[in-house]
Each structure stands twice: as C-alpha cells, then as structure tokens.
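As structure tokens, one chain now follows by itself in the form predicted on its own.
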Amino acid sequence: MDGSTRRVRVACLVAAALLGWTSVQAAAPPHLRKQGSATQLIVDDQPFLLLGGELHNSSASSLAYLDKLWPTLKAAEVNTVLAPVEWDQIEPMEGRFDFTVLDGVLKQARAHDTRLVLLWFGAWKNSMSTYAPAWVKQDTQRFPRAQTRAGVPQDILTPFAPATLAADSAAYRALLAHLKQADTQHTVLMIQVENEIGMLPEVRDYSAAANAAWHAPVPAALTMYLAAHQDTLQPALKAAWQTRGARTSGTWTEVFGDTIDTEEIFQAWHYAQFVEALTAAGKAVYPLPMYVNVALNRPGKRPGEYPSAGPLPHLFDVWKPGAPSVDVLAIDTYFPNFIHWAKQFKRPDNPLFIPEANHAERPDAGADAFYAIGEHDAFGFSPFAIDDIKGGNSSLPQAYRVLKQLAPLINRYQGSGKVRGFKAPLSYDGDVDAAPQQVRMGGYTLQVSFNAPWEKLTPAEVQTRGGLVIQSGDDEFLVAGKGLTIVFGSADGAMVGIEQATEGLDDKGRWLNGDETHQGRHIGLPGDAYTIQRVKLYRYR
C-alpha cells in the first residue's frame, strides 16, 4: 500500500468514526418473526421475551413522579415498562408538538436498562375520549361525538368523522416520526394503538353519520374475507352470515340480520377501519410492531353493557380484515378464568401477547405468566399497576427472576412443540379444576398435578401454582415453576426412571435423587417459590 492510498484509507476511517459508522450493520428496528407455531418479538436481531408491567395511567405523565418509581420497577424484575403517551400532552395546540415528557421517559428507561412499550391514548381510552386535546374536545362541530339511540351526545368521539381520523393520524405520525429520530437505541419495542376501544352504553353509535353508514352496503373487503375463511370463522359470525345465504353483497341487515349482534359487527368494522388508517399512517413513518387491546365481555352481558365492538374473539373475523396492518389483537384480562381467554387469543394469525393482566400484586400473576409463555407461546406478559409492587418477594418478581434465566431456552424451543405450560383452570366464578393434566412430549407422557400426594390445598392455594416444561433432549427436560408434581411415563409402555434431577440451570445446584424426588417417583417443585430442575430420564422393562 503506497503512502497516498494509506492516507485516503485513514481519512475514510476518521470520517466514519466521526459520523458514527461501524463495520457492523445496525440492528433492524424491533419486529415480529415466526418460529414454528410461535411468533417472537425480535429486538436487536435477537428474540426478546417481554417480561413487563404496565404503569398506572398517569405515572409517566410527570418525569419527577416517574423518576421516584424506578426502585419499585427494578424490584419488580421487569425488563419492559408499558407507559402511556397522551395526545393532549404531546399536542396541546393543533400542529404544535411537545415531546419533552416522552424524551424524558426514554432517557430514564435507558438509564435503568429497561425497554418500553408505548400506549397511544388518542381518540379513545377505555371507550371514552378523555385524552383528546382541549382543541378537539371543545370543537363538537369539527369533531362530533357519538350519540345514543335517543340522540343524546356522549363524551366519545365518533369513528365516522373524517376530521377526527385526520387529527388523530397526524398526531400519531408525528409520534412515530419523533421516535424514529430520537430512539435509535430501540428502547421502544411496540406501540399500542388507542386503548380498549368499545362503545358504551349502547351497542353502536347512532349519530347521523353512523346511521348513514348503517344503511350502506357491507364493504366488499369484509364479505370477501368471510367467503375466503368460511371454514374457520368464529361460530356466531359464521351462523349469522350463512343463515342469510352467505351473501357477498347487501346492507348490514341483509347480510347479517337485523339484530343487536349485527349492530356490534357494524360498529366493530368501523372501529377497525379507523385503527387501520392510524396504524398504516404510523408504520409508513416507522414500522414498529403495533397492537390493539380489548376489554373482555362478561358472561350474560349484551353489547353496550360491556364495551361493544372491540377486538373480542367473537369479532376477530371482523377486525382481521378491517385492520390488517395491526400485528396483534391483545388481551386485557381482569377475570379469574385466564386460561379460558388466553386460549382464544392464540390463533395461527394472532400471536398471544398479554399487555394488561389483572393486577401486578395478585398471588397468581406469576403462574399466569408461566402458563401463557409455556402453553401458548406468548412473547410477552405484563400485569397492570406494576408501580404498586411492594417488593421483590411477591409472585410476579419471583416468577420473572426464573423466566429471565429460562429466556434463552424458551426462545430457542418456542413454536417447536417442545414447550408446554401448566396451570389449574378457573371458572369465571372462581371454581378451580385441580385435576391432574396429562400431555405427551416426545416419547414420554407427563402427568402434572398442582399438589404433592400428601398436600391438602385450598382452591386459592392451587391457583397460585403453575409452570412450564421444556424438552431439551430426547430424555432430558427442564421443569420450572411453583408447586408442580410431575410423574413421567412412556408412550411405548416402558417403565421410566429418573436418572438424575438437579437444581437450577448449571452444575452448581443440589442433586435431588432422594426425598426431593420421592425416591424417584416424581419431580416435585416446591410450592413456596419458583424454581428450576433439570431432569434426565431412563427407560427399563
């Protein structure tokens, strides 16, 4: 290399250093990626198991207030905090944006090595429009409200107003554009679009614009989807459509019937279309993963008695074609029958993500996390009110400490059929089904109980127990959780013994081939803490 060539090369290296270039290509923004039957969240080009907690609604609106919460959040063992971004705070005057608070939240999260999921509180939050800016709230002509059947205006923005969609979309685009510039570290992993959309106290909006849309034809995008997916449609929607001849054109009543259920379908479509426009506008600027969340419907309640028309399971086949840019329809669950709902939100076209799971201090929070991640390939779990955690010894922090150790293995085996989760089902009324559960993994059968043979537990104690099993080799398993008793059998009739059971993930833990395995009869996880055991099996006849 001659002197002039060397000088040019040195000059190029200096320029690259000054501009922040490196020889390593920058990581792609966070995104979702399929792995077998699972969908994983990819962060800095690696799978990321989101162990989160959602703040109270107002906790991130003051930087001074949030700064005092970090010891609590770190004690909760979260790797991700879910925090709102409020439309009225970032755009107090139309077209003038102030991201001071958001930038402060980003800075604090980075200082504490914690990721963020941002919740966009735009046109709707819990059905209402309380986070819209004053210039929106005060202008009812430009930004009209939804109305009851009797014509009474509600404090709810209607999705049938183009000006509302335009204003909300402009703010959302501005948010994503700012994140693209201000968050090159990828602190923000996902965005929630609006919050728990749903119509109250009626099934749908009865404003003039809504009524005009009600009498218009059903959009072809919906009927074409129904025709293409008729074998897998949700039963109630399928029945309503097929009973009337599976029509591909007509008004809402002609296609689905003149019922309250049709009115909910109609409202759901227009909510989904609003969200689709918002999501597409944001992704055009910065394509982070985006999801919508939903408040569940109570048994026996009619639409409007619960928040009508949100992305509930019986409306998935309306929301999927109505908002195809949305990556996940996510569950917010405050009911005891967590397993019943979690099963419905995991579909081939919808990964399981739980952004709001009851209260962080609940004694069964950790068991729910293990079950969702193990049984349904959830890529994230996050209870509400994480700032209420009173220390690191409650259920959730204990569970997260163990799940963090397991995360590399969970990420490796998710979607392969080699991970299973266990928790005793509860009914809506709180009745527990503590019967043993049996599954097959490879050449082995597993009978999983939530108590040891000598234990007599109350239903409340049973529901705090749960865990997961990873098959890491032909005869090797990792068992983790709290309070599980597992008896291994074989699928071919051979007898099965425990060759070795070891505490923890490394070789430093105790060997447990004595009383702890009931002299080789079963694997038992203690009921007072979350633990891990490595198990090697052998066969004999």
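Numbers for residues come from their place in the sequence shown, where the first is 1. Just so it is clear, the structure is predicted and the values come from calculations on it, not from any experiment.
The form predicted in complex with a small molecule exists for this protein as well; it is not shown, and the discussion that follows is about that form.
S.K.: Just give me the single entry in Q437, N126, T223, Q108 that has a non-hydrogen atom within 4.5 angstroms of the small molecule in the predicted bound form.
M.R.: Result of the distance check: N126.
S.K.: Consider the chain as shown here, without its partner, and state which of F160, W214, F99, F384 has a heavy atom within 4.5 Å of the small molecule in the predicted bound form.
M.R.: Only one option qualifies, and that one is F384.
S.K.: Hey, in the predicted bound form, is R412 touching the small molecule, heavy atoms inside 4.5 Å?
M.R.: Taking the distances in the predicted bound form, the answer for R412 is no, it never comes within 4.5 Å of the small molecule.
S.K.: Within a 4.5 Å heavy atom cut-off, is E196 in contact with the small molecule in the predicted bound form?
M.R.: Yes, E196 lies within 4.5 Å of the small molecule in the predicted bound form.
S.K.: In the predicted bound form, is there a heavy atom of the small molecule that lies within 4.5 Å of any heavy atom of K137, even though the partner is absent here?
M.R.: Flag for K137 set to no.
S.K.: My question is simply whether D377 lines the interface with the small molecule in the predicted bound form - judged by any non-hydrogen atom within 4.5 Å.
M.R.: Close contact is absent here: in the predicted bound form, D377 is far from the small molecule, nothing within 4.5 Å, heavy atoms only.
S.K.: Among 260-268, 326-334, 244-252, 467-475, mark the stretch whose residues have heavy atoms within 4.5 Å of the small molecule in the predicted bound form.
M.R.: Contact-bearing stretch, as computed: 326-334.
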